[in-house]
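One chain comes next, on its own, written out as structure tokens in the form predicted on its own.
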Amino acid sequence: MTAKILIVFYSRNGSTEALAKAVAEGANAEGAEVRLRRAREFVGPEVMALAQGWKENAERMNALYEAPTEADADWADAIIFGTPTRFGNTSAELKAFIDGLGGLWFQGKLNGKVGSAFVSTQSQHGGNETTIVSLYHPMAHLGMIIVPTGYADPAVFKAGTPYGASAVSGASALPTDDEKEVARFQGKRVAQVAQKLRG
């Protein structure tokens, strides 16, 4: 049986979404079964209207990707979290999903699953590494086996971080080819580790 990979991401403008798709490509290339899910907003339209394009992008992505569920997390051998930074930390939308995993945590159902994370930031020093590391904390509490990218592929010497793939989006730019290559490697690496742990 192939590894089952859940990629849960939040994206407002499409940068984190593009990384998520690249991570999925890497996992698929290893023969993994992949579910790509987008965390949902919990603010109203009046708040979304304050950021140009937020509502339209949310509608587009929500039509493409189902919302993540507890059942998705239970199904998966590995969960890869993706988020834009929010002041050097995880977005509230992704964190809300993680906070909802308490039932599975209580039953011990996340123990031994592989965990990994990727991120996008608007500026070059916008918290790429701190945001990924901030996701390590709940992964540890959930009993997951954390798998970073390390410097295990030449792509990581050109982009990303040894903690996980990252992109610097600027105002609206999508990830570069080098940044997406690191994301593909991350998906591949997680799929390989998850497959080995399945036995």
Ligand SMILES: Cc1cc2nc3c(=O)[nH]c(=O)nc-3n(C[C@H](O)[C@H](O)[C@H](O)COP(=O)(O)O)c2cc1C
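All residue numbers are counted from 1 along the displayed sequence. Since this is a predicted model, take the numbers as computed values, not measurements.
Here the subject shifts to the form predicted in complex with this ligand, a form of this protein not shown in this document.
Taken together, the three residues Gly26, Ser116 and Ser166 lack any non-hydrogen atom within 4.5 angstroms of this ligand in the model of the complex. Looking at Arg86, you'd find a heavy atom of it within 4.5 angstroms of this ligand in the model of the complex. By the criterion of a heavy atom within 4.5 Å, Thr90 is excluded from the residues contacting this ligand in the model of the complex. Among heavy atoms of Tyr65, none comes within 4.5 Å of this ligand in the model of the complex. Taking non-hydrogen atoms only, Thr16 approaches this ligand to within 4.5 angstroms in the model of the complex. Residues of 111 to 130 lying near this ligand in the model of the complex, listed in sequence order, are Ser120, Thr121, Gln122, Ser123, Gly126, the criterion being any heavy atom within 4.5 Å.
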